[in-house]
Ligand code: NAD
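As structure tokens, one chain now follows by itself in the form predicted alone.
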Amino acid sequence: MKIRVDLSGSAKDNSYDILIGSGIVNAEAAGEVIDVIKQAGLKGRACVITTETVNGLYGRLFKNFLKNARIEPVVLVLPDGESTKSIKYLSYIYDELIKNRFERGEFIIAFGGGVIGDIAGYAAATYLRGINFIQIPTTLLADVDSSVGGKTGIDHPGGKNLIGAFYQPKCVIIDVNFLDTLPERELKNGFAEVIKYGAVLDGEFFIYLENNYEKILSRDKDGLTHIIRRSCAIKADVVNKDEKEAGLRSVLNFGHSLGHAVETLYNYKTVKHGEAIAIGMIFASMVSEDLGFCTGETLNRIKTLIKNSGLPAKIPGFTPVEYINAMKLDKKVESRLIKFVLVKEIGGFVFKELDFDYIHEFLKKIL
């Protein structure tokens, strides 16, 4: 199926399609997927940026796919892991693009998880002041979140995603079959972002997740396809209304304020992005209850689904001061206030600017 990211106003020309299916990236490279790629303008040559693991599993299949689509690949293989989202590897990508004389009309293809999508997208946004790129995600996290919406970037030792740009892909191709080889922990890692969509934007979807999480996490193709399709549709609708996070799009940061602090405090090791966001969603829900925006039942439902999905539910034992110092580097901080997304009831949200004194005292109370 196809979902349209239909941007408005001056960004209208940057609108694009998300194609979702099972087995659509294959050696035969026939049908709708080729139509989407051709409509995006991809022809001739492309720089494929991927990881060692993805290349080992699917490199040959993907080269055959591109060959049959009459695309000549120049393949750059980067290490796995969050540490790849760095100046070091961004510079390596620039060096290879220059060495191979890539021109503005040519393409970068991000073939991997969220790390690859972010760094490849940022390279595309900045090389020659912007060249075309396509997202072909291979993890659930990238399928439902990072491949859609045009957020690109790299990390800095001081904080996650502090260097980046909004830059939309020309299309997104999501093949559910790539999840067959995804480690269980990575599948759960992506499921955290799926929970986010239901918790603050779609109460009926949240109920579906409560009733079907076991089936989904056992890799049922229909279940996975449904949650990817619904998550992408929700995110596309938000991005259509607010491409560059001037207002509504901030709702997609539910769980991210404390979550990003957790990642920073672990130095992007030990805890994965979705796991940190799960912790952040529980914290944001606890704050929501404390401030009277939601009931204890709402908090309990969110916490229970996170626990049942095998995601961490306990807030790590860093000190309140450590959390505050990490959160002060958050992109959402302004005038010593940090913009939180809080839950009202399941499927509803409210934005609230919180001062660090309140957060410090609340952390002291719960840790």
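We number the residues from 1 along the sequence you see. The structure presented is a predicted model; accordingly, all values stated were derived computationally and were not measured.
One more form of this protein, predicted in complex with the ligand, exists but is not displayed; see below.
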property	result
Non-hydrogen atom within 4.5 angstroms of the ligand in the predicted complex for each of 54, 58 and 139	yes
Close approach of residue 122 to the ligand in the predicted complex, 4.5 Å, heavy atom	no
Close approach of residue 289 to the ligand in the predicted complex, 4.5 Å, heavy atom	no
Contact flag, residue 181 vs the ligand in the predicted complex, heavy atom cut 4.5 Å	yes
Residue 146: touches the ligand in the predicted complex, heavy atom cutoff 4.5 angstroms	yes
Contact residue in the predicted complex, from 195, 115, 294, 172 (heavy atom within 4.5 Å of the ligand)	115
One residue of 231, 189, 285, 168 in contact with the ligand, assessed in the predicted complex (non-hydrogen atom, 4.5 angstroms)	189
Segment assignment from 90-98, 155-163, 220-228, 205-213: heavy atom within 4.5 Å of the ligand in the predicted complex	155-163
Heavy atom within 4.5 Å of the ligand in the predicted complex - qualifying residues of 212-235	235
